[in-house]
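Before any questions on binding or motion, here is one chain by itself as structure tokens, the form predicted on its own.
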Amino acid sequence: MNKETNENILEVRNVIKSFKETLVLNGLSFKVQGGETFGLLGPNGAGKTTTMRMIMNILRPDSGEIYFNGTPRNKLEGVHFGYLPEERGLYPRARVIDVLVYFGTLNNMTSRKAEVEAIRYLDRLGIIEYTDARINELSKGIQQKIQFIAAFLHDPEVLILDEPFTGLDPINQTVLLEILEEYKKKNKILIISTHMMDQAEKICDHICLINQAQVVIDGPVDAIRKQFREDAYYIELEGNYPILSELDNVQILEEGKNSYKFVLKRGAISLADLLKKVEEKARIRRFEVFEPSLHDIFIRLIQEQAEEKA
């Protein structure tokens, strides 16, 4: 890996952006390092798409700066960047291979190199038979894969994907994730915006949640989940034994069939003593420290912010 690649850093510094009288982003700041998957999350209207368009230099901040490896974004060529917008757009009557070669040459690839890479990725994504088909003859799912190839074909240093899994079945989601994992291992910057919190939780190393024009939380996924841990536990038993509900020193948060999410009342009993009591009555099938999902954290933070402004 060369020295330049090792230093891949994208910084958004105190960006403010308004459209007419609507404040869309208010002092947005975050940093993304090469080799990590960065999730830009938030509800509809939070400013995610505006942020991505500013990173792509499609829009300019009213104030604040965006830097890539220390250079202001507006002084860099677009060839360093790749973008899959949520609003898909391909030339409907053009052939698939012609569209991909065209996008490749826009990003400084030779026609021959663009064609070779396009065919390679069409094959990998299982759509090689559509090489000569016209875009308007294809399903939305296949068009989605072609649009992804167009964004990725020139091997950019920064790849921004807005809702990349929309319209893809689980098999194709897996193939896409494999390609993105290989891309990330080259120490490049991968930014994903998605409403699919389960996907974000699986693939993102770092997230930034924005809402009502501001950053609500920003940091590594593992650290955020630990921060919002409730000191809660999950236990699943073999057979229907209501042992936990019979103990005064346990507060049950959620109860399922033979399973409980619970917390210990302060100073009442140690976890080791509790498990010993449970094992006297039932066999423990599964036990783990409960950490909230990104979805749980997302909902909690948005609700808290709404309550603060009420």
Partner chain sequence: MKNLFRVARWEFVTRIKSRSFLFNTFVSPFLFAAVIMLPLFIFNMQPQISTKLIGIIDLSGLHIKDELQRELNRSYRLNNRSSEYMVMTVAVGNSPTYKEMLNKYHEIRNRLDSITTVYNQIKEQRMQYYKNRRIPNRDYVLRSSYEKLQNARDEKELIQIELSRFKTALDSVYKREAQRMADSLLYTDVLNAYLVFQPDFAKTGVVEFHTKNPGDLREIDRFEKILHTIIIKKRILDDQIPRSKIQKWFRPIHIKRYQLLPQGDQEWNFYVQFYGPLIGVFLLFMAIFTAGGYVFSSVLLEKSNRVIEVLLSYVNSSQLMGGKILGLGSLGLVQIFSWIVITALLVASGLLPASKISYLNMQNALYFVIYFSLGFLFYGSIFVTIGSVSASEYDAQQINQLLRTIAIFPVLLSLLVLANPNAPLIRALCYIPFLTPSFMIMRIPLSSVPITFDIYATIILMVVSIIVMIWISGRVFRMSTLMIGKKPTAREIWSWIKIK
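All values derive from a computational prediction rather than experimental measurement. Positions refer to the first chain, counted from 1.
The discussion below concerns the form predicted together with its partner chain, not included here.
Original post:
Does residue 124 reach its partner chain in the predicted complex if we count a contact as any heavy atom within 4.5 Å?
Top reply: Outside the cut-off, so no.
**OP:** Mark residue 228 yes when one of its heavy atoms lies within 4.5 Å of a heavy atom of its partner chain in the predicted complex, and no otherwise.
**Re:** Residue-level check for residue 228: no, no contact with its partner chain.
Original post:
Even though its partner chain is not shown here, does residue 98 get within 4.5 Å of it in the predicted complex, heavy atoms only?
Top reply: The answer is yes: residue 98 has a heavy atom within 4.5 Å of its partner chain.
Original post:
Should residue 88 be counted as a contact of its partner chain in the predicted complex, where contact means heavy atoms within 4.5 Å?
Top reply: Contact check for residue 88: yes, within 4.5 Å of its partner chain in the predicted complex.
**OP:** Scan 233, 130, 165, 103 and let me know which has any heavy atom within 4.5 Å of its partner chain in the predicted complex.
**Re:** Of the listed residues, the single hit is 103.
Original post:
Between the options 212, 173, 108, 199, which residue brings a heavy atom to within 4.5 Å of its partner chain in the predicted complex?
Top reply: The residue from 212, 173, 108, 199 that makes the contact is 108.
**OP:** Spot the stretch among 219-227, 200-208, 78-86, 187-195 with residues whose non-hydrogen atoms come within 4.5 Å of its partner chain in the predicted complex.
**Re:** Of the stretches listed, the one contacting the partner is 78-86.
Original post:
So which residues in 135-160, when you check its partner chain in the predicted complex, have a heavy atom no farther than 4.5 Å from it?
Top reply: Counting only heavy atoms within 4.5 Å of its partner chain in the predicted complex, the contacting residues of 135-160 are 150, 151, 154.
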